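The chain below stands alone, shown as structure tokens; this is the form predicted on its own.
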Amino acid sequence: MSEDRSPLRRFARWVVWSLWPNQRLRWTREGVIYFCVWVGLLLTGLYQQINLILLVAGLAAGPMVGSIFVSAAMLRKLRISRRVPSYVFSGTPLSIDYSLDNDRRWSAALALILTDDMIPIDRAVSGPTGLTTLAFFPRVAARSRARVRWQGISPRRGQYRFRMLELVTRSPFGLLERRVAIGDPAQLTVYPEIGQLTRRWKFIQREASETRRGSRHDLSTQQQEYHGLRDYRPGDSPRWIHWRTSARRGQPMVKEFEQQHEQDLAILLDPWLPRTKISPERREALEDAIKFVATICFETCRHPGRRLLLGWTGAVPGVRQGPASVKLLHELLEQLATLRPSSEGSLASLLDVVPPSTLRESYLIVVSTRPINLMEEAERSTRLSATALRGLLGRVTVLDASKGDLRDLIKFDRTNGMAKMGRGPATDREEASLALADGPAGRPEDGEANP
């Protein structure tokens, strides 16, 4: 038999990994006091040669030695798992479910504390901080499972990752604390906060839409929706005749269209911040701009039938577009959640990558964190001609978040965070979460909240 398979070596390895597999052991405050008292008794007995004190010191060493072995045994044959949603909106209640399985035959697991760290993947997104969750398992019987739900308020936008789960026990006397790290990687995307658009914004949008419809009387077929067939009337275009139905009925039948009152929408975001000396007001203006854009995307995708485009400036400008849908909304919100501020890029370079059809037909919303001169930016663009520029200026709204242009256009529910976790009426952001609920579903069978 080889040396690696010798019984003595296997037994020694089992003893070591039973006591210290992937664990950390440290003294608690009570344990430090107890240890100091024990050392005092031991030194006094040795110095004074009093056997009774030495006997008491020897007995007092028993709880310390027992804590080492009992705490190690308490963490054996335990399995912990975590269930997190794939996404959540910033500022809304966040629930994380933890399950603890005790695979031991006879002994129960007592007074276990679970700690879990959620840290941002990219701290440069909006300066988010980490979040530490705690869950307490008072007793898990042998061969059973216990579930605990942690509830709190989700942090700022960004992508977060969960590191190692740590299971902590101070059993049996609270003198020593033993921690075991369990690898269970997971990731959570926190979408920007969703607000509610005010009447003023709806008035601005309706006024722009009416102005555009009044200036264009001949809508293209792309701006019309097929409605049905009807009899031919004098003045109808021959191109509208449905020849197959006309031949079957023996009389001319023409296609009837219904005008679409909702036009396509393009949102151009300029997340500019200076390289140095970024004030809290500027960073807050950037976050307000992102929240405003996210809210418009959410409201637009709630009513399919329009095309939506989102563009952002930067060293390399980006564009995402498509028909308004839940799938597109997830893509846009994830992009906004991970959008980094940039001191480079300009609106002119972004206009160069926007499709020409969007510049010709769509209603444009430009949201920036700095003053924008639309005429100068359009003139620097290599794609816009003088004719296209004149048509564009009548279909664009420019908003500067640094000057407070967004204050009267959107509002948020600023109630207390714990009140959001109550059973009262759902807020707009909670409704948004329900409207996009395609992540992990289901509730634990038996759990308790530990905020």
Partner chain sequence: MKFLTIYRASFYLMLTFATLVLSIDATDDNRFAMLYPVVVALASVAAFLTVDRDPKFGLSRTAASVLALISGGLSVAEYRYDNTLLLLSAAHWLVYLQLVKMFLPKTVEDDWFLFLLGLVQVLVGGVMSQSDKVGIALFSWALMALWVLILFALHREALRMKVAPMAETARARGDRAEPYRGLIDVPFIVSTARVAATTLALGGLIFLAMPRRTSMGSSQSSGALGRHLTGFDDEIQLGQLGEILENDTPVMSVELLDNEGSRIVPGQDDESRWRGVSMDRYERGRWFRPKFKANGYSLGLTDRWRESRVVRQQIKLEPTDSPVLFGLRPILDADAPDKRFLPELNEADGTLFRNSTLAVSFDYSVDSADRADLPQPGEAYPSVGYLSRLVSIPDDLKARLRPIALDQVRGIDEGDLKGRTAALERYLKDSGEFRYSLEQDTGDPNLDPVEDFLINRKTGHCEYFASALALLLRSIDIPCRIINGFKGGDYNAMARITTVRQKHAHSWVEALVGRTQAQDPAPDWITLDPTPSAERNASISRVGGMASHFYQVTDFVRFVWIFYIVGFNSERQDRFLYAPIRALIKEAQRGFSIMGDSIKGWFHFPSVESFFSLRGFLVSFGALLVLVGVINLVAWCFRRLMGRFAGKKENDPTGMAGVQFYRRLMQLLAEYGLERPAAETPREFARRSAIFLAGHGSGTESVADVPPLVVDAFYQIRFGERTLREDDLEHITSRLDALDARIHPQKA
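Numbering follows the first chain given and starts at 1. Predicted, not measured: the structure shown is a model, and the values here were computed from it.
What comes next is about the form predicted in complex with the partner chain, which does not appear here.
TODO: Check each of R163, R249, R79, R340 and return the one that places a heavy atom within 4.5 angstroms of the partner chain in the model of the complex.
DONE: None of the other options qualify; the answer is R79.
Among I119, A111, V316, M375, which has at least one heavy atom within 4.5 Å of the partner chain in the model of the complex?
Only one option qualifies, and that one is A111.
Practice prompt. Select, from the options 365 to 373, 166 to 174, 348 to 356, 272 to 280, the stretch whose residues sit within 4.5 angstroms of the partner chain in the model of the complex by heavy atom distance.
Written response: Among the listed stretches, the partner-contacting one is 166 to 174.
query: Does G394 make contact with the partner chain in the model of the complex, using a 4.5 Å heavy atom cut-off?
result: G394: no contact with the partner chain in the model of the complex.
Though only this chain appears here, would Q196 touch the partner chain in the model of the complex if you measure heavy atom gaps against 4.5 Å?
No - in the model of the complex, heavy atoms of Q196 and the partner chain never come within 4.5 Å of each other.
Checklist line | 4.5 Å heavy atom contact, W243 to the partner chain in the model of the complex | finding: W243: no contact with the partner chain in the model of the complex.
Contact flag, F136 vs the partner chain in the model of the complex, heavy atom cut 4.5 Å: Yes, contact at 4.5 Å.
Residues in 37 to 70 with any heavy atom within 4.5 Å of the partner chain in the model of the complex:
Heavy-atom contacts to the partner chain in the model of the complex: V37, L41, L42, L46, Y47, Q48, Q49, I50, N51, L52, I53, L54, L55, V56, A57, G58, L59, A61, G62, P63, V65, G66, F69, V70.
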